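A single chain, nothing else alongside it, follows as structure tokens in the form predicted on its own.
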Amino acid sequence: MPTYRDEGVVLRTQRLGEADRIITFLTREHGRVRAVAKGVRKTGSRFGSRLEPFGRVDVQFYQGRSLDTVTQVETLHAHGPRLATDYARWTSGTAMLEATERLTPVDGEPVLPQYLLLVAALRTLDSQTHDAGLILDAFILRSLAISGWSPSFSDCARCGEAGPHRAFSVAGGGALCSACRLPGSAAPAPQTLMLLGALLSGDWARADDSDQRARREGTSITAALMTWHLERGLRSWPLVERV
């Protein structure tokens, strides 16, 4: 039977039977892969500790009819132990993994941009170079953009008129000019839209200089965008600690 090898990030683990687990990966070349890891819950397992969430691994699969089987694993980078020492970063990372799985619903479909974004986000989260909440919000906004749902935080999302504009509509795609403003549109502070634009574009100097009010409002808008496009919120989002 055919085997294949790839590198990937462990998104989730589920118990299967008495000693096995189903591991969900996001891989570089094969997209989302769900595979059985046999015997990993036994004390003497050869690679049980390598198949934990946040781990980036080099893994070999045996191709099955419904689920593949993990046959070999080598750790490339284990983010879990460091993230586990910081609750804010652990919960932010957990939300990233859940969002990634939700945004890649088709097994075996390559999504290289999403994979590279996740690897970079986990590396940044691990390095503690930016606030964990900002890293999470930036990851969500960029993931939505990769999926084709990039919001506008300056120019009008409907007619393209140059901004900035005060009105903002999640359903309308972002910032709206006075002529395109939809009923029920919000009016976030200009600093909030500047922060969200900075997170989407990767302008970390501006994002790091933002105040707490803009961050709180930006988080609310990010959550609303995510919920609108995914049709329900992330279960891990309420657990994320915001500083």
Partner chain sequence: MYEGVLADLIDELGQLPGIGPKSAQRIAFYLLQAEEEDVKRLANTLLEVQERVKFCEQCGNVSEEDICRICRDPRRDPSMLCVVEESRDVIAIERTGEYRGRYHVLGGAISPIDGIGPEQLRVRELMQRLSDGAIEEVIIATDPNLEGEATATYLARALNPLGLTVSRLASGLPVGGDLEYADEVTLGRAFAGRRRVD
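Just so it is clear, the model here is predicted, and its values are computed rather than measured. Residue numbers count along the first chain shown, from 1.
Separately, the form predicted in complex with its partner chain exists; it is not shown, and the next lines address it.
Within 4.5 Å of its partner chain in the model of the complex, a heavy atom is found for none of Arg34, Leu112 and Trp149. Between its partner chain and the residues Thr71, Ser154, Thr75, Ser169, the one pair within 4.5 Å by heavy atoms in the model of the complex involves Thr75. Just one listed stretch, out of 91-99, 138-146, 124-132, 157-165, contacts its partner chain in the model of the complex at the 4.5 Å heavy atom level, and that stretch is 91-99. Its partner chain in the model of the complex comes within 4.5 Å of a heavy atom belonging to Gly80. Using a 4.5 angstroms threshold between heavy atoms, Phe61 stays clear of its partner chain in the model of the complex. Of the heavy atoms in Arg216, none are within 4.5 Å of its partner chain in the model of the complex. Although the partner is absent from this view, Ala120 stays clear of its partner chain in the model of the complex, with no non-hydrogen atom inside 4.5 angstroms.
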